[in-house]
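Heads up, the chain shows up twice below as structure tokens, two forms, tagged structure 1 and structure 2.
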Structure 1
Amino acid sequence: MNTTARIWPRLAAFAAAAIVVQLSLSAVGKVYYLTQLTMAVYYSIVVMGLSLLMGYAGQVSLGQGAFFAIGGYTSAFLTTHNMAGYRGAAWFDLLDKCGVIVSRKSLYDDTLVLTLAPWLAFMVAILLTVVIAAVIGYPSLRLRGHYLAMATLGFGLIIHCVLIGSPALGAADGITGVPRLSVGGLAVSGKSAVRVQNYYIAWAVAIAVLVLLRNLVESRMGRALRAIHDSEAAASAMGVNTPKLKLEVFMVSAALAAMAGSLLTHYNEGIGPSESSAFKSVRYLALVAAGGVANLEGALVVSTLLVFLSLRGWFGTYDNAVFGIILIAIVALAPQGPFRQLGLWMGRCRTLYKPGKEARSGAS
């Protein structure tokens, strides 16, 4: 109950930090950093979703990259695949009458390109991903243990192979030429003219997701999740349907990955198969661990920062290795997350340098 009250100052801090970063980057003439920051903020939505799954439902998914890719590819395919040839078909006319078909000139010649409206493709992308997540999650979450991790790992590898091997999806090149996603006067687009605007759109989406997940964690559902963590037997004696709850959380995390995938595809104007690689899924896992597992704010901050550095090329050719090392370091040195571990160490230092009566009893 009290955590809900405490979230508003934190949100204000996030918003203030986002504004300060934008203003100072503009002041020093490095506005182009905002592009990578925007991308990093979108990626952090995947990490927050996985943090919910790992930290609150106690399940590990190694398929978040695949869900991201399914979301992105669905959006990309539906908004670039020219449906002009279907004109006259009953289903196409029906869609056209509903106003969900948009037309534009081809980039290369003057032919007319008819595609699904990006906003509808966005919805379809999320819906499709949630259905797939349900199909994978249903059998593996009935069993106790890490079956979901194994199932999603295998699923991710399959999706990766399918994407690379499908000419219709651009094979190794992926899909390019994805139009912007506009809602009202705002547009998710990577054009430099709307760079600042898009930076704030990304933050608005991420903060909205944070508020949503916070409320979820503090709700009846979140309470039940924490109860499962404490004692699964006692929770089910209270009437908590454990597998169903875990499945629901898994579907939420998949939906968030798909949402980020779709938004980022519009922002980057395309998507490639590398998004679905196992490296990406492990990277999300490492970022959740680095954020402190059951710590949504930590996930947002840490993943935005680290992904930004990665996108700026700080880690060079060791990019994937860096995230592997982070994961190992967290598990070995700070299994409760770096923030709590830092607090513990600071507490210990304080007791070392202030040898008083209380300090000694505290250190024992």
Structure 2
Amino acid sequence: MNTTARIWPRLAAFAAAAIVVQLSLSAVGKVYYLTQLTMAVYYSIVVMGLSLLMGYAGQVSLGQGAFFAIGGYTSAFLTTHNMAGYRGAAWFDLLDKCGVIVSRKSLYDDTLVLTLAPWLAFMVAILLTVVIAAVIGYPSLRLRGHYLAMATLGFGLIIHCVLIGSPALGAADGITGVPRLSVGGLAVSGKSAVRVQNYYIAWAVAIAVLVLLRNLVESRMGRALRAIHDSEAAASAMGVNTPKLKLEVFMVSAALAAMAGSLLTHYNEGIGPSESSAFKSVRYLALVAAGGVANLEGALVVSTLLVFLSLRGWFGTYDNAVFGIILIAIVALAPQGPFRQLGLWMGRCRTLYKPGKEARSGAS
């Protein structure tokens, strides 16, 4: 039985839960909750990528917020920066002939704005992030220890300072007026008219990422990653190219963060420098621990729930404190994640109350 067939019941459960939530909120007149749920699902994609890196490659990254911001800012800049002044340049004419230059009216006046097509900006954002991740990860991942965590923390701080101090990127205000991302008949946009559609788009992307990562960890590459996690020296002795494999996984996690950042930027129609803060990266790390370090499904569910509650402001000024208490409780009571612990409890219950066992007990 292939991996997709094995996880089909889980995927069906996720899809059914998403549909039930949407129908329930629509029935009680609180469909506006879908806005924060959609945002939470996009954030959970970052957490799943980090779960892969931490749970299977045994590496810690404190720069996921920076990669998220690079993806978002790249898409925002390329789709809002007016390139009309470059008319006549060879590279501009080539892009125009390829049909990837789009025109629209300025938000503030009738000026014609020429920008890169959102779908191409989305691809450029992911590609740029992967290249940057390779540059950072190559020297760091060839060494053992927590060099990657230190390198990504420093990188994240640099990116945050650059974003705040760059007028071209909106400085402390960020970039606004980002157009929607349209692919076929679907559009990633935060407009209320397409709120339900975008809720399902977000879940479709998240489930697709889950399938991709689950197939990866069940493949030969996944087995090699688990060997690295258990003992890097033993994996190297068995012929596993540990630096190359760790770098590839790091690039995958960075690409997922950039993808989520770009999609959420189009959904929110803007992005600010707070997305690149060190606190954001630490929170992603905490969400991985809360969902179970090597539990992709747990990372998706727990991060979506906790981020949604945070975005709704249900805990007010005590948001960080409550988040910390929940995290401590989960780590203390269910260190492998609440869902894995729940599965263990259910397994024990089935073992204790098997019909055959009861019959044998009665006969004796």
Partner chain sequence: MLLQVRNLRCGYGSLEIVKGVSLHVDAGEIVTLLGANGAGKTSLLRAIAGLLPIWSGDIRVNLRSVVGEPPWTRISHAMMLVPEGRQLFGDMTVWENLLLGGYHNLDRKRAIEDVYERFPHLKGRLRQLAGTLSGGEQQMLALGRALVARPRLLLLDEPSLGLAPLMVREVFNCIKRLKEDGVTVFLVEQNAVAALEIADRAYVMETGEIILEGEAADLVTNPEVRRAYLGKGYKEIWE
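As the structure is a computational prediction, the values presented were derived from the model and not from experiment. The term rigid core refers to the most C-alpha atoms you can superpose between the two forms while keeping them within 1.5 Å. Residues are numbered by position in structure 1's sequence, first residue being 1.
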Is structure 1 or structure 2 the form predicted together with its partner chain? 1
Is residue 231 one of the residues whose C-alpha moves 2 Å or more between the two structures after the core fit? yes
After superposing on the rigid core, what is the C-alpha displacement of residue 317 between the two structures, in Å? 2.6
